[in-house]
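Given next, in structure tokens, is a single chain: the form predicted alone.
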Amino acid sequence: MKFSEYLKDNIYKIIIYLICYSINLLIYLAFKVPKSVIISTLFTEIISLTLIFLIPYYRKKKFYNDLLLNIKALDKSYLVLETLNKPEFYEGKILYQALYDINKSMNENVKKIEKHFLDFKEYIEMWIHEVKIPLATLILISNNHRGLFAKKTKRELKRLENYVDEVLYYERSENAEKDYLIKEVNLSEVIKNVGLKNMDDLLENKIDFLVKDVNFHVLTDGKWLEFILGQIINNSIKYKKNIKNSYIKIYGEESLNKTTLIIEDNGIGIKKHDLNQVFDKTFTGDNGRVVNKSTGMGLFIAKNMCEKLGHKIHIESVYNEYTKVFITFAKNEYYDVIK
């Protein structure tokens, strides 16, 4: 709170005072009041005016300065009321009460929204689990039939199943603390499950699935990691090149304090200007224009889940040559491991 701005805001009081003093001075002169009395009166009025301005200023200054500083310092500015002492001056009391009423109203509305969100979240989870049953049944039915129609139907059902899983894990990743379970997991088992789940797509697209040096134990959530790897492999399949020797290689590297899993393919790759954005929500880049089957959510969810699990993920790629995805698992003795 600047004193200069405070004076500007109260300039009308100064003008009124000067007008009143000028009238009083004319009256003093008209009645031939001694100069000593006029001077002493002027001195008293100047002191009075100064005090009238300074005392309210300093009473208000601390409250308003604290208000502005605390708003800037807080990540959640709406909590500023909790950091303030109730002021003693009348205008401050009005503002404090107004902030209290606004804060109370906001909290009530937030609670309503949170309840609505939780109800909707529970419904979505329930719906996903319910819809997966008929999906699995339809996939089994299509497996028992041959022919082009059954093949196309199965392919579309698998895509639909993947989108349903995407919604489920996206919803869960927003409230990850309640859903994941960190324990020691063998990478070879996780990769085996992912390979089996994507076997039909790999065979149909004539992609060699090469796995070596993955017999490492890491601390993670097995189901979440399966989903993460599934999204990466789906992208490799989706963005394959039309060549005879298409492949997806999965291999691991281990050092003293970390284990790194590398998923490599020789697909169409990612252009350099898109690399920094591949983990952004709904980003599809130039490849999304070439292959019209991308939501841009898979890698975003995968990165979000890796962060929740304490893993690091990054991508290296040369356009039209290769793409490598690196997932790094730290060895942390402070994990509460469940075996």
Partner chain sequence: MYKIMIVEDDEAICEELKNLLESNNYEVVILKNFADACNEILLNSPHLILLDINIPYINGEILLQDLRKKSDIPVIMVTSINHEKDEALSILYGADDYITKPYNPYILLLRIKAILKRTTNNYLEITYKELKFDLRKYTLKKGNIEIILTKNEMLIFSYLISHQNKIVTRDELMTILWDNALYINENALTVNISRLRGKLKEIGYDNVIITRKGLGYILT
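Note that the structure is predicted; figures quoted are calculated from it, not measured. What we label the rigid core is the largest C-alpha set whose atoms superpose within 1.5 Å from one form to the other. Numbering follows the first chain given and starts at 1.
What comes next is about the form predicted together with the partner chain, which is not displayed.
Student: H129, A136 and K223 - do all three of these have some heavy atom no more than 4.5 Å from the partner chain in the predicted complex?
Tutor: Yes, each of H129, A136 and K223 comes within 4.5 Å of the partner chain in the predicted complex.
Student: Have a look at N143, S77, N107, N85 for me and say which one sits with a heavy atom within 4.5 Å of the partner chain in the predicted complex.
Tutor: Contact check passes for N143.
Student: Only one of E114, E91, E254, D200 has a non-hydrogen atom within 4.5 angstroms of the partner chain in the predicted complex; which is it?
Tutor: Of E114, E91, E254, D200, the residue with a heavy atom within 4.5 Å of the partner chain in the predicted complex is D200.
Student: Hey, in the predicted complex, does K154 get a heavy atom within 4.5 angstroms of the partner chain?
Tutor: K154: contacts the partner chain in the predicted complex.
Student: With a 4.5 Å heavy atom cut-off, would you call I237 a contact of the partner chain in the predicted complex?
Tutor: Result no; I237 lies far from the partner chain in the predicted complex.
Student: Considering only heavy atoms, tell me if R172 and the partner chain come within 4.5 Å of each other in the predicted complex.
Tutor: Judged by the heavy-atom cut-off of 4.5 Å, R172 is in contact with the partner chain in the predicted complex.
Student: Residue-level question: is G195 within 4.5 Å of the partner chain in the predicted complex, judged on heavy atoms?
Tutor: Output for G195 is yes: heavy atoms within 4.5 Å of the partner chain.
Student: Given the stretches 265-273, 203-211, 91-99, 67-75, which is the single one in contact with the partner chain in the predicted complex, using a heavy atom cutoff of 4.5 Å?
Tutor: Result of the contact check: 203-211.
Student: Once the core is aligned, does K249 move its Cα by at least 2 Å between the shown form and the other one?
Tutor: Stays below the 2 Å threshold, so no.
Student: E125: with the rigid core matched between the shown form and the other one, does its Cα shift 2 Å or more?
Tutor: For E125, whose C-alpha is compared between the shown form and the other one after core superposition, the shift is less than 2 Å.
Student: Tell me, please, whether between the shown form and the other one the C-alpha of D213 is shifted by 2 Å or more, with the rigid core used for superposition.
Tutor: The answer is no, as the C-alpha of D213 shifts between the shown form and the other one by less than 2 Å after core alignment.
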